[in-house]
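For reference, the chain that follows is the form predicted alone, supplied as structure tokens.
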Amino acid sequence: MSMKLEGNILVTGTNRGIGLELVKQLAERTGGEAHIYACCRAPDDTKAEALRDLTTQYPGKITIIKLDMSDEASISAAVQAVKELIGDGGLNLVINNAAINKPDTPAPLSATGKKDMMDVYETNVVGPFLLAKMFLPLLQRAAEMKSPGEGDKMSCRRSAIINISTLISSIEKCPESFAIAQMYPYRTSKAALNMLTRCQAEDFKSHNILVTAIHPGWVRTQMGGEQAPLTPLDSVHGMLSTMSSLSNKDCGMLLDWQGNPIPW
């Protein structure tokens, strides 16, 4: 059964974990008109073998794009490559999934240095900021090309940015989990990503571009660890179902993978 997502869809951080599963399920469940641009830092590396296998499994459905979210020149080159491939079309959905976590969890204050803070901020916040800024013309074009559904003007089928955030970005909920995972760089970067989401939601709403942050749950990945209760398959299934139903009321919100709001 096809999902309610379509058009040109770009996903970052797709060589493993949640990003790889996003590409897989999008390829499986979207209609024939959808095309996925799967971005990763080293497309030819052995770590991207599973991603390359997906392009063979779904011929003509996936294009791999080289993208390092910590490198402005790499972001610019990736945007130009996508523009050339899309041509006169627009970009309907950007999923900012790529993120790093330094140092290793629990990342207490004593183990965290300036470089950790800056490296994580650069990838997790500045990267999504630049990507949205550079892709804005293509997102605007998509919003202009596709007529809105009844009632709501915004949707992930028309033009949207989804920033993958986290429950531990919540300032209100910080005391509930801080003792087991201090994670200064990761927490603060994702809180900043939430503000970026909020700012872009205000900035882009005049163009009918939806911007929303989503927490994927605690997922059993290299970053999430083996104790995490959610599989990538279940997390991504829930997130894509949530994305399919987003509308005007969800713009600028932080939601969990099932669509429930998370306090700032």
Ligand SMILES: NC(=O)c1ccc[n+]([C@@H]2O[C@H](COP(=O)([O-])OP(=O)(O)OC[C@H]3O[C@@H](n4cnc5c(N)ncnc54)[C@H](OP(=O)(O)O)[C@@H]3O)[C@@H](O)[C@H]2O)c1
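Keep in mind that what you see is a predicted model, and the values were worked out from it rather than measured. In this text, residue numbers run from 1 along the sequence as written.
Same protein, other form: the form predicted together with the ligand, not shown, and the subject of what follows.
Colleague: In the predicted bound form, does each residue in the set 7, 135 and 154 place a non-hydrogen atom within 4.5 angstroms of the ligand?
Modeller: The answer is no: none of the three residues contacts the partner (heavy atom, 4.5 Å cut-off).
Colleague: Heavy atoms within 4.5 Å of the ligand in the predicted bound form: which stretch among 103-111, 135-143, 171-179, 69-77?
Modeller: Partner-contacting stretch among the options: 69-77.
Colleague: Applying a 4.5 Å heavy atom distance criterion, does residue 221 contact the ligand in the predicted bound form?
Modeller: Yes, residue 221 sits close enough to the ligand in the predicted bound form that at least one of its heavy atoms falls within 4.5 Å.
Colleague: Indicate whether residue 198 is a 4.5 Å heavy atom neighbour of the ligand in the predicted bound form.
Modeller: Answer no; every heavy atom of residue 198 is more than 4.5 Å from the ligand in the predicted bound form.
Colleague: Considering non-hydrogen atoms and a 4.5 Å limit, does the ligand approach residue 131 in the predicted bound form?
Modeller: Flag for residue 131 set to no.
Colleague: Using a 4.5 Å heavy atom cut-off, state whether residue 35 contacts the ligand in the predicted bound form.
Modeller: Contact check for residue 35: no, nothing within 4.5 Å of the ligand in the predicted bound form.
Colleague: Within 4.5 Å of the ligand in the predicted bound form, heavy atoms considered, which of 91, 120, 161, 164?
Modeller: Selected option: 164.
Colleague: Even though the chain is shown alone, can you say which residues of 73-98 have a heavy atom within 4.5 Å of the ligand in the predicted bound form?
Modeller: Sequence-ordered list: 97, 98.
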